[in-house]
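For reference, the chain that follows is the form predicted alone, supplied as structure tokens.
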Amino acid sequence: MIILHHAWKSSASRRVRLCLEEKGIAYDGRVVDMGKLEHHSPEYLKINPDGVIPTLIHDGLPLHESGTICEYLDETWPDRPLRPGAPYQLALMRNWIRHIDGLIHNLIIFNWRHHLQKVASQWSDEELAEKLKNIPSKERQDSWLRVARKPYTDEERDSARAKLVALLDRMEDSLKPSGWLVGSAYSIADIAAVPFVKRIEEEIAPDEVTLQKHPRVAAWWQAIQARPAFARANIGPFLDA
């Protein structure tokens, strides 16, 4: 049995849901309310001491980190493979995942201000201090502190936007041979990029995901959205209508 603790708008959760749907694996989805800090609760920290989402539990054993989870799923259910067979291509796939993961803070700068900032800004200093004590990661503590008391500036958002657009530049080059990031087929490298491109297109730099600016990325994005698993994974708008 597979249980997935996730949030609908979490970038890492979206990756894992997309992988599960691509593989055709049935799972029990359990939504974690990040606004209520359920991922920092004692109950959740028992299955994920890092206090992040998602967490996948397979036959009672928990697994963390979306890239690791996706590889585990592909290894355990080898039908409909999502990893290249050649060792060099597999290494490139992992490098892509690592590179994209390294940009997550730039996405947080945009994502957290829409939902979590509204919650955190209402806490008193005493409430904030108490909640920060329950966050295992110093980096995440700093992010929550910024969101609650010192929101990111326009200059910081501009810098983050530039780094995310640079991701599109890099993707544009890698997509040239086959239309996919690694090798000749859709892989976990492409899955890793999906939540980032979704947010870039939706709000961060929508004019960059176009035939005029990044034609290969735009074609890739259309192909991604046309895959049946994309709809099943419920990767809907991040911003409320």
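Start at 1 and count along the sequence shown; that's the residue number. Keep in mind it's a predicted model, so treat the numbers as computed, not measured.
Absent from the display: the form predicted in complex with a small molecule. The rest refers to it.
Taking the partner from the other structure, the small molecule in the model of the complex has a heavy atom within 4.5 Å of a heavy atom of Ala12. The small molecule is not drawn, but in the model of the complex it has a heavy atom within 4.5 Å of Glu65. Although the partner is absent here, Trp96 lies well away from the small molecule in the model of the complex, with no heavy atom inside 4.5 Å. The small molecule in the model of the complex is approached by His40, whose closest heavy atom lies within 4.5 angstroms of it.
Candidate site formed by Ile53, Ile104 and Trp144: every one of these residues places a non-hydrogen atom within 4.5 angstroms of the small molecule in the model of the complex.
Contact with the small molecule in the model of the complex, defined as any heavy atom within 4.5 Å, is confined among 167-175, 96-104, 117-125, 150-158 to 96-104. Distance criterion of 4.5 Å from any heavy atom to the small molecule in the model of the complex singles out Arg140 from the list Arg83, Arg140, Lys131, Arg113. When you look in the model of the complex, the only residue of Met34, Val194, Val209, Ile57 with a non-hydrogen atom within 4.5 Å of the small molecule is Met34.
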